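Heads up, the chain below is alone and in the form predicted on its own; it's given as structure tokens.
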Amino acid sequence: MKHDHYDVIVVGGGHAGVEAAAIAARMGAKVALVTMKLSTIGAMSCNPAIGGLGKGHLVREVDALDGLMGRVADAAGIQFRLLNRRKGPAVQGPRLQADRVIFRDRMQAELRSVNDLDLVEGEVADLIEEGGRITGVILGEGQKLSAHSVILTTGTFLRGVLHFGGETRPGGRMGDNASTRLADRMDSFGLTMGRLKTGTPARLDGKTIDWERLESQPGDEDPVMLSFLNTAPEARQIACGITHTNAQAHDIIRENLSRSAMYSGNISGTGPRYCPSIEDKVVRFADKESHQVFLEPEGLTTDTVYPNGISTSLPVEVQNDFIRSMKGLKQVRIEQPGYAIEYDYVDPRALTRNLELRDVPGLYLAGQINGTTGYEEAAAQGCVAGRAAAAAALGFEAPEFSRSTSYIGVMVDDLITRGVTEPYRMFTSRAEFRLSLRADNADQRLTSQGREIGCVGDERWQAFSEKMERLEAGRIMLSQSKYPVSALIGVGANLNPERPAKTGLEALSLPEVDFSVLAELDPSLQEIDPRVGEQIKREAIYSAYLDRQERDAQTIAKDESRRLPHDLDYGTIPGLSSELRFKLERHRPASVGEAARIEGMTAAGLLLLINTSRRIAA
């Protein structure tokens, strides 16, 4: 250990912790990351995958801030897939399957290369409080480390309990102890806390799977990276297998529901509704005869396979029976049984927008301790807390993340205003301005801001600046090029033949016209990087919508404080959906800002409320 005083101390070496520590150190703060085991920093505790719908957007935003997750995941990626490829760019989600060992080792190497960041092995048993402010931590053996701010990223470790059927044991995850002393300390602050639950499936020995009987799922032929700095995979690529549960498996599960920790009454915490256990699936979807299971190899140097889709807390012998009933798994050997884990979380409504506890200055929370689930949500929160804590220590204020400019802002706003009733997971549907909050333009939205506060390094800034120069040059060329309507009709565009010629930018806004088509019609465009052309195509698709969306966002931001009468009759507002009328009547928001935080509220609904309020005030 190099020091006993730091600007920022980060507790926990999971995905929230590593991003919090790294971003704070990049900004110039002196940082210590304290974790129970240095060897598990960056470990992927559950599934060996990063990204997906909504989640991929968060990873791109972390990457745009020069975070670690995207480029580490790319280095470890053994299968890349762009989800929703057939839909519009706004709802496409890059996802990859990672080699666990490569991911962990590369993450640790990245952290060791960060200046002013010390890695400290030890358990944080207590917090130091002076003058009503948290000023450091006390390690298990009594050593004190002082700091301007402390960030807790304890994941599932606060009073964590593992459940295997009727058996329970304390633990933060398989093989690691729970954090009980720190949990007791959190109790002393009088915070509203609760219990949540998550789960994981059994790990299987791939040598005992009959792969020949299974459908194979390869990755994309043109892989999309998670980091803006990368263009191609580093690791060898693999395929996954696909199998399904069946009637026999469902019968076995039903017959043993009383032995599941979730159904025996042993667990009081709420599990993730969007990632249910196989017991939940069988009960909630009783009419469904089978559920798809993806058999995902965990790496290139291991035979361990992750069966995505059958998370469970049933006894080991029952897991063995229902898994072996599935196609291709008749002789499979379980290497590690599935289990559920229950843990403490803090009601995130106690947090500021920088994820600092309002009533406990100097103490920031990030990750599952705030009621979220998922690597990506945790990493994004780490960026929020890390840069805010570093800015506070260095004497300036970091800008807050906004719902209108980032998925990170959507998540933070959801957490601190609505709280959670189940583990929070990001979806594109949560973002009102998702047409402009695309995964492909996260750097255009956030990298300049990150550079201004010091968290974006020279290498990324140079790459981003060069990209922006290429984009601007491409836009100029396309705006100056002209295409007769007859030529565009000839390549499939649905246009009136009597319309005037269109510029390249106008032509790209047509769904039938891709950049490659224009480059064939005008060979001079071939000097534009095809990736730049594809990006301009994405912008063109949404250009008309984005202009309107930007005006709407500005109007809503400007009128957030506008008051709404308590006796407002929402039934008289034309254009307001019956669902929103019901929710508004029930919540009776005092302002437009409060209305915006009602679950399911839309930008169109807010604009109707703003216009109604203006008429009333006139």
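Computed from a predicted structure; not experimentally measured. Quick note: we count residues from 1 along the sequence shown, nothing fancier.
Separately, the form predicted in complex with a small molecule exists; it is not shown, and the next lines address it.
*Asks:* Quick check on Thr153: any heavy atom within 4.5 Å of the small molecule in the predicted complex?
*Replies:* Yes.
*Asks:* Can you tell me whether Ser179 touches the small molecule? I mean in the predicted complex, with a 4.5 angstroms heavy atom cut-off.
*Replies:* Looking in the predicted complex, residue contacts with the small molecule include Ser179, since a heavy atom lies within 4.5 Å.
*Asks:* Looking at the partner-bound form in the predicted complex, is Gly328 within 4.5 Å of the small molecule by any heavy atom?
*Replies:* Output for Gly328 is no: heavy atoms all beyond 4.5 Å of the small molecule.
*Asks:* Answer yes if any heavy atom of Gly386 is within 4.5 Å of a heavy atom of the small molecule in the predicted complex; otherwise answer no.
*Replies:* So Gly386 does not count as contacting the small molecule.
*Asks:* Would all three of Val34, Arg173 and Tyr339 be in contact with the small molecule in the predicted complex, where contact means some heavy atom lies within 4.5 Å?
*Replies:* Yes, all three are in contact.
*Asks:* Between the options Pro307, Gly77, Gly450, Gly199, which residue brings a heavy atom to within 4.5 Å of the small molecule in the predicted complex?
*Replies:* Checked against the cut-off, the match is Gly199.
*Asks:* Taking the small molecule in the predicted complex as the reference, which of Thr555, Ser591, Gln549, Ser45 has a non-hydrogen atom within 4.5 Å?
*Replies:* The residue from Thr555, Ser591, Gln549, Ser45 that makes the contact is Ser45.
*Asks:* Which of these stretches, 339-347, 471-479, 210-218, 245-253, has heavy atoms within 4.5 Å of the small molecule in the predicted complex?
*Replies:* This holds for exactly one stretch, 339-347.
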